[in-house]
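Shown here is one chain on its own, the form predicted alone, set out as structure tokens.
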């Protein structure tokens, strides 16, 4: 990539996947522009910075386009001039850390299903599609709540980990979108409260992007 060109994150300020990459950019000291996408009902890939899957976030870097949150986080790590100790999923100690990341990704996607399907598309919440998504998400959160302290305590010294950052974005988004109750998951909410003190979290609160007037 040409380091002389300012990277641009295309996404939504209300998206946990977008927040993840914006937080990584801040943690790594990579200055990025941000281009919000206002209409998720669009079927035109051009409205998603050329992503043929019609998904966000996307990183634009000159003529280079990178799709997907984890891909973008890794690309940002390649761009930084600062030394940061980063823990990627493959660096996790033992199977539980890898299971945790898998369940975080699953719950983040389930949150998209529930939020987009029931709140934006206004589809019936009692559809088996959403009932199963919510059940699987609760099961994943229950497992993560039980294991979170053990998994994090077992991490080697680091500045940022994909697991912690993505888990934080997930928990905050569940509260923001209010799809299911976080009341049963005390360890997860305590983790999110502590992680949320980081500057990268403070600078990327969830908000709904509004198109320019006129």
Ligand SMILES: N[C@@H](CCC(=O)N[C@@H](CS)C(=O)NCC(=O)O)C(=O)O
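This structure is a prediction, so every number in the text was calculated from the model and none was measured. Residue numbers count along the first chain shown, from 1.
From this point on, the text means the form predicted in complex with the ligand, which you will not see here.
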- Query: Of 178, 152, 40, 35, which one comes within 4.5 Å of the ligand in the model of the complex, counting heavy atoms only?
  - Reply: 40
- Query: Looking at 143, 88, 129, 116, which has any heavy atom no more than 4.5 Å from the ligand in the model of the complex?
  - Reply: 116
- Message: Partner absent here, but in the model of the complex, which of 184-192, 156-164, 26-34, 52-60 has residues with a heavy atom within 4.5 Å of the ligand?
- Response: 52-60
- Message: Using a 4.5 angstroms cut-off on non-hydrogen atoms, would residue 109 count as touching the ligand in the model of the complex?
- Response: yes
- Is residue 69 close enough to touch the ligand in the model of the complex, meaning at least one heavy atom pair within 4.5 Å? yes
- Applying a 4.5 angstroms cut-off on non-hydrogen atoms, the residues of 15-45 near the ligand in the model of the complex are 15, 16, 17, 40
